[in-house]
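What follows is a pair of forms of the same protein chain, given separately as structure tokens and numbered structure 1 and structure 2.
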Structure 1
């Protein structure tokens, strides 16, 4: 793929979501990604995007009106956290979260209008732990879940594949789609351990009409590239046999990196480039190359930008 056809969303609006000092999900994450982008050979070629705010109708594709208002009121009232102590908030957190959703949806619209072929959204706060009416794990609105529903409602996209390689299982995304056969949720993550959120067992395969459209690949602590790469490839092969998506969304977490402070897996840059290549190959075969990747975790700031660019380079080379 021509790098000029790749979109990259990064926006200072995400600084408005202020967290406590030493909280791992901080504004410095976006600045670390900006540095990686600026120094990468493809960085100057990407089409840059800024974020607009999502309207409430879009957010309500996943979250209830009451939950949205509860979150807005908590931020306006000066509370320091929302639903759990992990979920720090500030006066600007609601606005940042709306722009996180809006930035992703704007990227989708650019792909569907054929302005770009695929793209990466460096947004915060992240989203894959957020359930319909519950904030969890640094997440408030489930950006990727809203994007999947938006594709289906606005563009009549029939089948969406969500790939999640964050070290923490995306309990919110799985919960939202576990009964829907038109959205396939695939997650590779650390488990079993005491690691949050404790979900993501192989036995969790979906419910009712959605049974068979959830695939969890739990990796034990200390797993490195040599074990995860063949497991990831085999899982994608299994998915290919039963599900040919019209669009691919990616919850791109970089906290399985070997030096990340929040987990115990040992992935290197090679793993993330490999994920990009394999996801890109799937999308090229079945989804017209349409892939939107959305930042989730990743807290080792000295390497976060490089890890993002390794993943993106894999995508760009393959699509």
Structure 2
């Protein structure tokens, strides 16, 4: 595809979500991605976006009014964490989180208005652990889940595929959609016996009408490219047989990288480029090339920008 048809959202507003020193989910992550973007040959070609704030109605597509208010109050009253010590907050965290959602929704609108075909949102805080009414694992609002609901309610998109390759299972996203056959949740992650959040076993396949529309592919510690790539391809083939999505959303986490401090998998840049290619090929075949990828984890800062760009390069090549 033409890189000019690819959107890239990056915005200094996310610095407003300040976390304590040495916290892995820090503002420097976005700067690492900025550096990767600036040094890549595609960098100058992408259409750049900044984030607007999401309105409360959009956030309420997933989270309750009371939960949103509780989070806002916690930030305003100067508390240092929300729901768990993991979830550091500062005064600006609520605003940053609203802009994370807003940034993603703005990107969806740009795709639906055909300004771009696909794009990447370098947002924080991340979202896939956030449950309807519970912050968890550095996540407050479930950006991708809200995006899926928004596509369905605002644009009447029928079927959405969510691909999640963050090293941690996206418990929040799975739980939000596990009873729905119109949103397919596919996650590849480190096996839950060894890593937070302890969910995402192969036996979790959806509930009721949603049975068969959740696919978890847990990988044992030390899994590298040689094993994950065939597993990822096979899973995507299986999905292709039962689910042809109108839109693809990606929870793009880069913490399965071999030197990431929080997990025990051994992926290299090659794996992320491969994910990009495969997701791109699926989207081109079924979803008119519409893929929005949203940053989740990824904590090895010296390589984070390169990993993002490897993934995007894979996507752009195939779309």
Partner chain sequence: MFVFNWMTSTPVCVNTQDTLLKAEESMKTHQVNQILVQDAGKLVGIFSDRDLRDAKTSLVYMSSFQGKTLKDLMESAPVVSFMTKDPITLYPTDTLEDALSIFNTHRFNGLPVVDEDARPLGILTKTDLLRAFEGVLGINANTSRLEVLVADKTSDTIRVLEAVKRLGIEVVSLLFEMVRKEPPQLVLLLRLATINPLPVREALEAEGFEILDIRKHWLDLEAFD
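Shifts are known only where both forms have a C-alpha. Model, not experiment: these values are computed from the prediction. So that the term is clear: the rigid core is the largest set of C-alpha atoms that superpose within 1.5 Å between two forms. Numbering follows the first chain given and starts at 1.
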Working through the pair one at a time, identify the form predicted together with its partner chain and give its number. 2
Rigid-core superposition between structures 1 and 2, with residue runs of at least 3 whose C-alphas all shift by 2 Å or more: 192 to 194
